[in-house]
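Below sits a lone chain in structure tokens, taken as the form predicted alone.
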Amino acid sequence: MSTNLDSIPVFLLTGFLGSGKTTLLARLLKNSAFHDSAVLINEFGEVGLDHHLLGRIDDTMVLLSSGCLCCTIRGELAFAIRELYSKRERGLIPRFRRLIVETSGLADPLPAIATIAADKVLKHHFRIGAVIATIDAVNGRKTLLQQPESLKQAAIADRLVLTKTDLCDQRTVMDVIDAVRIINPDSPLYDACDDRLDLADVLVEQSTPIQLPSGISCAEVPPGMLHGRSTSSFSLLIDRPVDWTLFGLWLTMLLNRHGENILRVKGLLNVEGTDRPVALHGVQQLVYPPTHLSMWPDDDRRSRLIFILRGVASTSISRSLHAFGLLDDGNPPGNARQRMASGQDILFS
């Protein structure tokens, strides 16, 4: 994944079928604040853009009156983005500054993220800006309980947008929010029906710094989620500075063994030898390049980690961190070889 600030941020707009992502996209496209955007969607007709069209560039691209460039995805995502970038560089289309990709309602967003991170061409010109997920307030809780795709979309999102709150009572809304917060406790959540909603707050790059409760906490989704495979959010604080090499080995082993079930890992690390915090963000086996931030968000210098787990016990995470000597438990950690062997035994058990 490119860390070049001159690269173009890509915003993935995801959400289950009927959750309102297309309606949200239409609002974004009408907003002049996003006139320098390009959009990739499955079909123009789903968005209802007819009265916003300015002109057709070719059989896949139209220019909207707001200045946005709207394109249909034909074939693979990587090919569509490469074609879009090529036309931008040749001056055939406006030089858009951001790209919005609307995924299918049944899609797992991870392949799209991985495509941008791994493609030899794309990773030099694009970076992931944020994953934005829409949640239907009317059917959202039921959908989260019954549809694995919906749960994953909510779990990895950097921004959550609750839709259709005007169609249900406050108790229903709160039940959905409670369910979402178990799955994703720290990402900002917005109400699409709130007149005060500023879309500019939604379409901004993800910010990794997180606020966590003190100590270790774990919240589990009700039994039956994902066909009996429990999903939980797990957060913790690390009091002393982290050995970056040892932490990297631990994270590599964790994702090698449990990557598909680590839906999300996000954190802010106090690394030995530097006064600047290191931001960490990963989705399943894919970990974005660590970022050195300019300053801490507050006076608390402890490392902060949050996990969204599926079928993985939070105790395995904390025990392996203890075994690696990364988390204090009051006992001497032993030498590095002993720590790695003990930690590997726990992770692979």
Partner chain sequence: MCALCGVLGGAEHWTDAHDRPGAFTRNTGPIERRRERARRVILANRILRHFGLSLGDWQGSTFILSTPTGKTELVDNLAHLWGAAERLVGRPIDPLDQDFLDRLDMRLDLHP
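Being a predicted model, the structure only gives us computed values, none of them experimental. Positions refer to the first chain, counted from 1.
Beyond what is shown, the protein has a form predicted in complex with its partner chain; the following relates to that form.
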Subject >> its partner chain in the model of the complex reached by all of A107, Q147 and T163, non-hydrogen atom within 4.5 Å >> reply: no
Subject >> Heavy atom within 4.5 Å of its partner chain in the model of the complex - the one residue of R159, R88, R98, K123 that qualifies >> reply: K123
**OP:** Using heavy atoms only and a 4.5 Å cut-off, determine which of L203, I182, A112, L246 is in contact with its partner chain in the model of the complex.
**Re:** L246
Subject >> its partner chain in the model of the complex: contacting segment from 253-261, 90-98, 168-176, 128-136, heavy atom within 4.5 Å >> reply: 253-261
Original post:
Should R240 be classed as touching its partner chain in the model of the complex when contacts are defined as heavy atoms within 4.5 Å?
Top reply: yes
Original post:
Is the gap between P297 and its partner chain in the model of the complex 4.5 Å or less for some heavy atom pair?
Top reply: no
Original post:
Even though its partner chain is not shown here, does S37 get within 4.5 Å of it in the model of the complex, heavy atoms only?
Top reply: no
**OP:** Give a yes or no for N31: in the model of the complex, does one of its heavy atoms lie within 4.5 Å of a heavy atom belonging to its partner chain?
**Re:** no
Original post:
Does anything in 264-302 come within 4.5 Å of its partner chain in the model of the complex by heavy atoms, and if so which residues, in order?
Top reply: V271, E272, T274, V278, L280, V287, Y288, P289, P290, T291, H292
